[in-house]
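Here we start with a single chain on its own, the form predicted alone, put down as structure tokens.
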């Protein structure tokens, strides 16, 4: 069996997906992988959920797919029959948990108070969904639970966005965060998979503070090389900065220069550029 605790920790972000049509499954899966995610939670909020799970599980072996918003034993059965590798429920339902445990399928029930945490612990469950996160106290509540339940790891979900995800990820009892904003139903329905990929990458960049980029086609201009050949494959580290203009000015004394043709402009403002610094064997792509 997979070590889901390790997998979720390494992933950091679990997309919580409501999808209406199996026809969008391949495009969605490709966007998640391109953005750097290999885990997907398909919620039982639509009739298409079992088909989507089956499609991703069979056609995209490098994605670990689970079923979310599971509230009945029938949905557990449907999820397992479709190839789901884990179950997530919005609340703590002892009968659902016992049923999953009996079938040897990992289950992560939702909790938001000490009583529910202790009920889950009594069943041997110590990786729990914290839902709804923001309205249940968010970071402050998780901080309070941390000192009492040191053996519990949480996956907060509900109200988490890119502007607050780093607060959650800074807590050592947070395993990963569930996010629906990166896979908004309207984006999926419109087939805007490039935007989903962008949102995933942006969220991961925010979580880490940077984003590894190894796509040789990243830059519109040629990547510079020196006698050692660095940069010849177009790889870089993408770093988010609050002020592109100021950061470039601060790097200027180090001899930093912008790679011609790498600039990204929004309106009349430059919001992205790749720079090289003498002595640093890597391209740095700055984004505002």
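The shown structure was predicted, so the numbers you read here are calculated from the model rather than taken from an experiment. Numbering follows the first chain given and starts at 1.
There is another form of this protein, the form predicted in complex with a small molecule, and it is not shown here; the text below is about that form.
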Inset, instruction - Check each of 273, 13, 16, 25 and return the one that places a heavy atom within 4.5 angstroms of the small molecule in the predicted bound form. - result: 16
Legend entry - Single option in 240, 69, 262, 247 placed near the small molecule in the predicted bound form, where near means a heavy atom within 4.5 Å: 69
Legend entry - Candidate spot 45, 131 and 179, all three touching the small molecule in the predicted bound form (heavy atom, 4.5 Å): yes
Legend entry - Options 139-147, 154-162, 197-205, 119-127; stretch whose heavy atom lies within 4.5 Å of the small molecule in the predicted bound form: 154-162
